[in-house]
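Next up: just one chain, as structure tokens, the form predicted on its own.
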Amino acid sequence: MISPDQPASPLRAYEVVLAWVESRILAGELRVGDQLPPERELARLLEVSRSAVREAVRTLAAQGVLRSSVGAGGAGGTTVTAVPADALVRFLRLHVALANFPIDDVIEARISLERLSARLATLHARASDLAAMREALTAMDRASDDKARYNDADTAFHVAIAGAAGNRLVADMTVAIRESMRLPLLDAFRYVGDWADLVAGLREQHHAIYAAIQAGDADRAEDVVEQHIRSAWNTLAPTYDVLRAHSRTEDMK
């Protein structure tokens, strides 16, 4: 165990670059659209190798913080970019798959975010947002016998609600959590006992959520979306637990 007086391990070379970029973003010295110094110059400034700079840039690009392009003059270089939702989705999807977040914690976080998304959607949803929700509902109704297509349409419905919320952070976090659950839910769908009864209940719940949002009833929208998530998960959780236990057993062989 490291004692409080024991100095921390020195940063690896690429971590020096990561820390430099992070500190300047937090200080407001680097903003979206700004370019990093050229690779050779940054390596000299931080006294690291150019390969360390490249490794740090790749890491931050994967996180959606930087974008690198090749070109002459101002067309090339490494640019600070806004963090896209897909970077957050990728992060959560991987960590949920690795069980680094207990699934019950993920469900509770999803409920909190989707309650807020549903409430905000009743206030901010445009005609195009409602149309996207209706399209997803129709796709679910038509795909009730195709579990993969149904799951995709189910995801699209919740993503449409998040998009209608009018709050980008809430929307991105909601989408990330729902997307991280897409494959686990599909696995549970495939092995659920009475699929016809389940999908009939889900269809009724989804239509109730849409009706509340369309009517501008924020309290009801919040309540029905929570009831929907809890009800669906209570049905699917035993199947999910069996699949996870089977997967762990196979990994140990």
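A residue's number is simply how far along the shown sequence it sits, counting from 1. C-alpha atoms forming the largest set that superposes within 1.5 Å between two forms make up the rigid core. Everything numeric in this text was worked out from a predicted model, so none of it was measured.
What comes next is about the form predicted in complex with another copy of the chain, which does not appear here.
Contact annotation for residue 37: none of its heavy atoms lies within 4.5 Å of another copy of the chain in the predicted complex. Contact check for residue 77: every heavy atom lies farther than 4.5 Å from another copy of the chain in the predicted complex. For the chain shown alone, residue 28 is a contact residue for another copy of the chain in the predicted complex, at least one non-hydrogen atom being within 4.5 angstroms.
Interface residue remark: residue 108 is counted as part of the site for another copy of the chain in the predicted complex, having a heavy atom within 4.5 Å. With respect to another copy of the chain in the predicted complex, the three residues 32, 102 and 113 uniformly fall within 4.5 angstroms at the level of their nearest heavy atom. Heavy atoms within 4.5 Å of another copy of the chain in the predicted complex are found in one stretch of 41 to 49, 61 to 69, 212 to 220, 195 to 203, which is 61 to 69. For the residues 90, 142, 134, 149, the 4.5 Å heavy atom test against another copy of the chain in the predicted complex is passed only by 90. Annotation for 145 to 175: interface residues with another copy of the chain in the predicted complex are 166, 167, 168, 169, 170, 172, 173 [heavy atom within 4.5 Å].
Once you line up the core between the shown form and the other one, the Cα of residue 39 ends up 2 Å or more from where it was.
After superposition on the rigid core, the Cα of residue 21 moves by 2 Å or more between the shown form and the other one.
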